[in-house]
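Just one chain is shown here, as structure tokens, and it is the form predicted on its own.
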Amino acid sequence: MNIIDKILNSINNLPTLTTIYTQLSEAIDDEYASNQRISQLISSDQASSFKILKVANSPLFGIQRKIESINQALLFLGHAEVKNILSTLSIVKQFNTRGDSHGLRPVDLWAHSIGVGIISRNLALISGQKKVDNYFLAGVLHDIGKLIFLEFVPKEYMFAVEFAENENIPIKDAEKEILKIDHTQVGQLLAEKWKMPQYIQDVIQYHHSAQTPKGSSHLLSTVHISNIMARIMRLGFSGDNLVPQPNMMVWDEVEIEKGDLISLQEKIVNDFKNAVHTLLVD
């Protein structure tokens, strides 16, 4: 079995997201489902409830009062944001966050992705977006393909990381050379298997170029810029130490000034530390 077949088989054999996430998605999509019904559904999973409350009370969401119940989380954050938090928690559970795989720690890849999620949400807020509930999830998932590589072909992936370093090339190019497939492709396949929304699939597949065949979007452009910022700020490790050039066409789409990026740095670092501790530490 070649490497590509091994990776694709591993994706096919991954379980679906947790039952609680599936049930919650169905309930939220049901216009007749009450807050009480949704709250009871989430509260039936104590571990998820505890984590959701920890995330909801983190500085990331800037809620001025303490959220003490799932019902309050639904009220102050909204159904979509709570669903996205649960989605993030469910996906983190699917992959190893501990240990050291041939010199590369999964927690460092996760930290980079969380950093991109933090920056994406902050940029969306500062650019005046009214609906920002998808930005954190999109940022967290943009590099999910790298976690697949590290989980199922760790030795081969380390070859790719070493090749990227030795040749001073982006990890995406090294993946193509060593594995014959890159993280954007396998990440999109996993998102498709998990029935993630198309805009999430697009972010995973096109975050390097910020352009889909149908054009760009504010969400995709924001994750593109956030990925570069996370590299500059050294939030986690993304597989190589290069800082790619941004697609300059997306600046108008994102609608932020370079001075805004500088003013956000302290908040981003604080949000990042809290989110990494909340999502990756039991």
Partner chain sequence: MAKKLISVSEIEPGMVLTEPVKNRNGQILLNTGIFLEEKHKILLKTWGIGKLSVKSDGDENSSSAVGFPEEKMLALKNRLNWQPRNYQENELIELALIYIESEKV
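Positions refer to the first chain, counted from 1. Bear in mind that the values here come from a model prediction, so they are computed numbers and not experimental data.
Below: the form predicted together with the partner chain, not depicted.
K.L.:
Looking at the partner-bound form in the predicted bound form, is residue 51 within 4.5 Å of the partner chain by any heavy atom?
P.N.:
Residue 51: no, not in contact with the partner chain in the predicted bound form.
K.L.:
Does residue 269 make contact with the partner chain in the predicted bound form, using a 4.5 Å heavy atom cut-off?
P.N.:
The answer is yes: residue 269 has a heavy atom within 4.5 Å of the partner chain.
K.L.:
Although the partner isn't part of this model, could you tell me whether residue 265 comes within 4.5 Å of the partner chain in the predicted bound form, counting any heavy atom of the residue?
P.N.:
Yes - in the predicted bound form, heavy atoms of residue 265 and the partner chain come within 4.5 Å of each other.
K.L.:
Even though the partner isn't displayed, in the predicted bound form is residue 259 close enough to the partner chain, meaning a heavy atom within 4.5 Å?
P.N.:
Result yes; residue 259 sits at the interface with the partner chain in the predicted bound form.
K.L.:
Select, from the options 40 to 48, 213 to 221, 60 to 68, 250 to 258, the stretch whose residues sit within 4.5 angstroms of the partner chain in the predicted bound form by heavy atom distance.
P.N.:
Checking each option against the 4.5 Å cut-off leaves 250 to 258.
K.L.:
For a quick check, can you give me the residues of 146 to 184 that have a heavy atom within 4.5 Å of the partner chain in the predicted bound form?
P.N.:
Only 168 sits within 4.5 Å of the partner.
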